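First comes one chain, alone, set out as structure tokens in the form predicted alone.
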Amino acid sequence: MKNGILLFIGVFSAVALSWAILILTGFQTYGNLRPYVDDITGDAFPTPMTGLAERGRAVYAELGCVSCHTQQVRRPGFGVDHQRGWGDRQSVARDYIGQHQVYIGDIRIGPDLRNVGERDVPEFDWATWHHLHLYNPRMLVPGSLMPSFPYLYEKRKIVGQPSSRALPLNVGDGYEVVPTERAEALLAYLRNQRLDYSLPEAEDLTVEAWERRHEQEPE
């Protein structure tokens, strides 16, 4: 019986020590990361989110966007993220510092959103396209599986001049559709998701680095 207790204590101690080392190693590696400061410009990256974007993060969570979208671009050569226009370099740990909760996700029913703020859109300006897409995805992407979020917008009677914020929608004479504060906050959050800056640890994870290695490979 005594040997059984000692064996249990030994196994438990080994598992606990291994777990503690794993946690401490991860914290040592990633917990002390700080923004990267450009020696020439003095700019720090990634830049912190504004108050509106922070509120948009809460809207993103409430709508369950993480259930269908990831926020982690894979490096060129590992999948087709670059070919899909999702980003020219891999996401790295430093990209997420300052976020009290990271919505990396694990299912891509929809496109990855880590670089959506930098992504070109057809026909409309960036904000208008995404507002219309949230209001009715199938209006812009036929067959889209994304749910519509019309409750993020207000249909109201035009009083005086139409609002400069009104969406280009035909909803009946004398009426317009404008984004609510929640819709504007969500777009501010999505606009903040961009990888338009360089980090030292990501230099070998870019399209350019992958192309150089590919060119040097023997035929």
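Residue numbers run from 1 along the displayed sequence. Everything numeric in this text was worked out from a predicted model, so none of it was measured.
Another form exists, predicted together with ligand HEC; not displayed. Remarks below refer to it.
Of the heavy atoms in residue 119, some are within 4.5 Å of ligand HEC in the model of the complex. In the model of the complex, residue 129 approaches ligand HEC with a heavy atom inside 4.5 Å. Taking the partner from the other structure, ligand HEC in the model of the complex has no heavy atom within 4.5 Å of any heavy atom of residue 98.
Ligand HEC in the model of the complex comes within 4.5 Å of a heavy atom belonging to residue 64. Heavy atoms of no residue among 44, 93 and 202 are located within 4.5 Å of ligand HEC in the model of the complex. With ligand HEC omitted here, the record of contacts in the model of the complex names 147-155 of 167-175, 34-42, 147-155, 47-55, defined by a heavy atom within 4.5 Å. Applying a 4.5 Å heavy atom cutoff to ligand HEC in the model of the complex picks out 109, 110, 111, 113 from 90-115, in order along the sequence.
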